[in-house]
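To begin, one chain is listed below as C-alpha cells, in the form predicted alone.
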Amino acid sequence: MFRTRITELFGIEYPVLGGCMQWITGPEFTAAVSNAGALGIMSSAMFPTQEEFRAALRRLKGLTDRSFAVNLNLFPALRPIDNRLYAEVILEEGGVAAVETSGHRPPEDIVAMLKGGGLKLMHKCVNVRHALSAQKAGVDAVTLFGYEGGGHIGDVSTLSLVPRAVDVLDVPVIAAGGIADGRGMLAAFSLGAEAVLLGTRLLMTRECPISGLVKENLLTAAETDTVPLLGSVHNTIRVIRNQAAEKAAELESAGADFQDILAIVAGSNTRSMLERGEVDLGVLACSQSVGIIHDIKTVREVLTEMVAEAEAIARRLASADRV
C-alpha cells in the first residue's frame, strides 16, 4: 500500500483524489469516491446560492463518514460566485476535511478564513510559477495539472510538469492529467508525486451520475479524440471531440465573436448533454487517457485495481533490478 504525506494529510486509504467536475461531482458522487477510499471533491459552483450549497453539503455529510473536500472555483465565470460566502458555509457547517481552489491564486482573506478554521488547503494549477505562488499563500498541497488532462490545461505535459514542481516545492505534489490506471499512478510516483487526481477515469464508473449513452460514447474514443478549445481567450480546455467541439473549434479558428462560441460551449448545454445523453449537444472535459479506458466499473474497483497494478509493476521492477 502506498502511504504518503497526502494520505496522512487527508486521512484517506488510497493516494487518490477524485477530480472536481462541474455538474457531476455533487454530494452523491463525491460520497461514492470518498467511500471507495479516495478523497472526493464536491463542486461548489454547481450550486448558485449559499443555501443550495449548504443543503448539498449537509446531504454529502449524511452520505459518508470518510474525508472529503470542497472545490472553490476561481476561474472567470459568466455567473460569478462570491467564494467568501461559500467559505463561510463550509466553516459554519463543519465536517469538511479540505478545500481545493482552482484557477487564480487563492485570495489571502479566504486562505486566512479557512486556515483559521482548521481546514487543509489545496490549490490546482497548470504551471510551476502558480504552484509556488500558492505555496507562498499557505496551501498544504498543490495539484499540477498537465496538458494531457481534461478541462483547464496549460501547455506543459504531466511528465515534465510534475518533477519540475517536486524539485522546487516543499508541500506535497498531486499529479493530474492523463492518469487512468496503475501504470500512470506509478509513473507519477516515480516523478515525485504523492498522490494522483482522476477525472476522466471516474466518468466511466457505475456511480457517475451521467447518461449511460455518454459513458458508452467515451468508451469508443481513442487518445486522439479530444480537442483543446478557448486558447484564443487564454482559457484553454480539453474536451472530447464531438459535433459541438468541432463547431466551436471551427468558429474559434475563423476568429468568430466569442459570444457565438459561448453559445456552443455554455455549461447549460453540457448539463443537458450529461443528463439526456445527447452526446453532441455540448462540450465535455476529457483527458487523452480516454483511449486506455475500456470498461465501466465501480469506483472501488477502479481504485483497488489501479493500486494493485501499480504495486505489481513496482515489485516487478524491483525484482528486475536484482537480476
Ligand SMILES: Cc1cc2nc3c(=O)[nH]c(=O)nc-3n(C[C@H](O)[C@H](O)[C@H](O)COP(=O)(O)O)c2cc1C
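Quick note: we count residues from 1 along the sequence shown, nothing fancier. Just so you know, these numbers come straight off a predicted model, no measurement behind them.
Another form exists, predicted in complex with the named molecule; not displayed. Remarks below refer to it.
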item: Stretch in contact in the predicted complex with the named molecule, which is absent here, among 161 to 169, 200 to 208, 128 to 136, 113 to 121 (heavy atoms within 4.5 Å); value: 200 to 208
item: Touches the named molecule in the predicted complex: residue 21 (any heavy atom, 4.5 Å); value: yes
item: Residue contact check: residue 285 to the named molecule in the predicted complex, 4.5 Å heavy atom; value: yes
item: is_contact(residue 102, the named molecule) in the predicted complex, heavy atom dist at most 4.5 Å; value: yes
item: Contact flag, residue 71 vs the named molecule in the predicted complex, heavy atom cut 4.5 Å; value: yes
item: In the predicted complex, residues of 289 to 309 near the named molecule [heavy atom within 4.5 Å]; value: 289
